[in-house]
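In the structure tokens that follow, a single protein chain appears in two forms: structure 1, then structure 2.
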Structure 1
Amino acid sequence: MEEKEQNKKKYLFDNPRNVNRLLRCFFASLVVLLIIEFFVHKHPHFPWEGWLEFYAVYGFVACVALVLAAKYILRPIMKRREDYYD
């Protein structure tokens, strides 16, 4: 039994230190992108597109709306009985 545990393959994200590094890099990149947005001139077609972080909020809201629509609207339509393939 001990042999199996010793021969068990280790993956990159099995080590919590690597996960913390990845999360730090992820959050650092978010901060850098937020800072860059203050210096980049946008050419909005509609006035609300010029708001700070508009596209991030819009994308998040759209993603949540898609998940909720799939769960509460599409699932009852697509769901089959348990014995459908019997």
Structure 2
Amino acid sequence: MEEKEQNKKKYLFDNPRNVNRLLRCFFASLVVLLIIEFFVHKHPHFPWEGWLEFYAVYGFVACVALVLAAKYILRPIMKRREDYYD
């Protein structure tokens, strides 16, 4: 009975509104980061560092590429049953 009570206890992210709030904050900060770039004076080592939103695009593309490569190339080749070595 006590355990049931405990399970019913609401925690921070059990409320979908809080999750949505967090996501909204996150998306807003992305927009802010994109906008700030117009006000920052850069002194790049490489020419592409001076391109608009280079780091944002690179970060996004790199991660998508990473996940897709891991999921569709690495996992099919490397995945074995858990007891493969036993």
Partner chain sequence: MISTVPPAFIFIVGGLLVPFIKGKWKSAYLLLIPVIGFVNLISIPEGTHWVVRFLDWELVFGRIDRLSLLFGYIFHLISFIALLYALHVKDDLQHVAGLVYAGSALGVVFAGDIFSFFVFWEMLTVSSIFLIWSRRTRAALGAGYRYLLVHAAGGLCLLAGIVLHVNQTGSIEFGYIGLNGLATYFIFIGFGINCAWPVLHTWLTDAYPEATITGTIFMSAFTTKCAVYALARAFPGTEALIWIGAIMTGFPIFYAVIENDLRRVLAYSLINQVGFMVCGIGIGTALAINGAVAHVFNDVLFKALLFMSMGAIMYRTGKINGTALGGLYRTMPFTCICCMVGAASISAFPLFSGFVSKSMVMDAAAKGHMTGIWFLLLFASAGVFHHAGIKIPFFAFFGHDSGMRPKEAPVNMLLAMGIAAFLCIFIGSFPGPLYSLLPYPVDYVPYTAPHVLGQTQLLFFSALAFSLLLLSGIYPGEQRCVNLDSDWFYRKGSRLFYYIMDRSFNGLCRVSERVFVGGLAGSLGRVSRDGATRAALLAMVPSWVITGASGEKLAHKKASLRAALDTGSSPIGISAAIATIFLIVVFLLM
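Structure 1's sequence is the ruler for residue numbers, which start at 1. So that the term is clear: the rigid core is the largest set of C-alpha atoms that superpose within 1.5 Å between two forms. Computed from a predicted structure; not experimentally measured.
It is structure 2 that shows the chain in the form predicted together with its partner chain.
The rigid-core alignment places the CA of F27 less than 2 Å apart between structures 1 and 2. After superposing the rigid core, the Cα of P44 is displaced by less than 2 Å between structures 1 and 2.
A displacement of 2 angstroms or greater separates the C-alpha positions of P76 between structures 1 and 2, with the rigid core held in common. For Y58, the Cα shift between structures 1 and 2 is 2.9 Å when the rigid core is held fixed in the overlay.
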